[in-house]
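Only one chain is shown below, in structure tokens, and it's the form predicted on its own.
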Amino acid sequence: MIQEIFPGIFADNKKIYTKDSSGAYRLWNPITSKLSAALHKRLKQTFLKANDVVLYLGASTGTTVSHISDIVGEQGFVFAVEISPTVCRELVFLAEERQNIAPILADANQPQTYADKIKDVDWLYQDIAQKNQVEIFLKNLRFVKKNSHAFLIIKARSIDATKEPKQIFNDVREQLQQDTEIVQEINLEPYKKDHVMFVCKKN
């Protein structure tokens, strides 16, 4: 029996789903979506609900974006930032099917280039494989409403392949604690190796 576990998110045994605009359940794969992986690893709260405005950094082809689009619904909105023109084309196709997604071809490391397109957001999600992942995240907190939440996926090997991932995660934690309150920290293994999700609250 499928039951709602968080707003707009449903579970049946060990599977997780969202519902599209037609009411059909869509399987949310933890292998292809790190947010689904976090849900499988006992994410305590998504802090995401219908009608929310979301800023998604590192949107890729839009797999996770599409599920977030389901959750926020037709009255919510997702600004999906992607740096690769080739990949962003796929986002454009997704946005043609879903009116609550705006693809933005831009470098998340330069938020000033899209600042005029973004209004205050209720929820930020970042999944970017760049060395300065934390710096990018902190730069984009400017768009998040006070006391709202932001999710950061840290890919340890992208920051420094020579360091132990545990040390990198410790360093990241110290950086984030200067500007945010860390609500939860989730290691995404076995779904993703050397990846941790930090759930932060903007002070």
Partner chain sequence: MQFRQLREQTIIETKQKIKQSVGEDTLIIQAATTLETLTTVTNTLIEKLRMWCELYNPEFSHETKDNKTFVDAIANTKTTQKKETMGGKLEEKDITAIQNFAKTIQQISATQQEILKYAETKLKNNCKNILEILETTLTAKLLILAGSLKNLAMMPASTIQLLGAQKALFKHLKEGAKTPKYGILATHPLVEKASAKNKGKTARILASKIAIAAKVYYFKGSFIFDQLKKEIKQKIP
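Numbering follows the first chain given and starts at 1. Since the structure is predicted, the reported quantities are computational estimates derived from the model, not experimental observations.
Just so it is clear, the following notes concern the form predicted together with its partner chain, a form of the same protein that is not shown.
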Listed residue that, although its partner chain is not shown, lies within 4.5 Å of it in the predicted complex (heavy atoms), from 124, 108, 71, 88: 88
4.5 Å heavy atom contact, residue 99 to its partner chain in the predicted complex: yes
Its partner chain contact at residue 161 in the predicted complex, heavy atom, 4.5 Å: yes
Exercise: residue 26 in contact with its partner chain in the predicted complex, heavy atom 4.5 Å: no
Contact label in the predicted complex: residue 128 to its partner chain, heavy atom within 4.5 Å: no
Complete contact of 79, 95 and 117 with its partner chain in the predicted complex (any heavy atom, 4.5 Å): yes
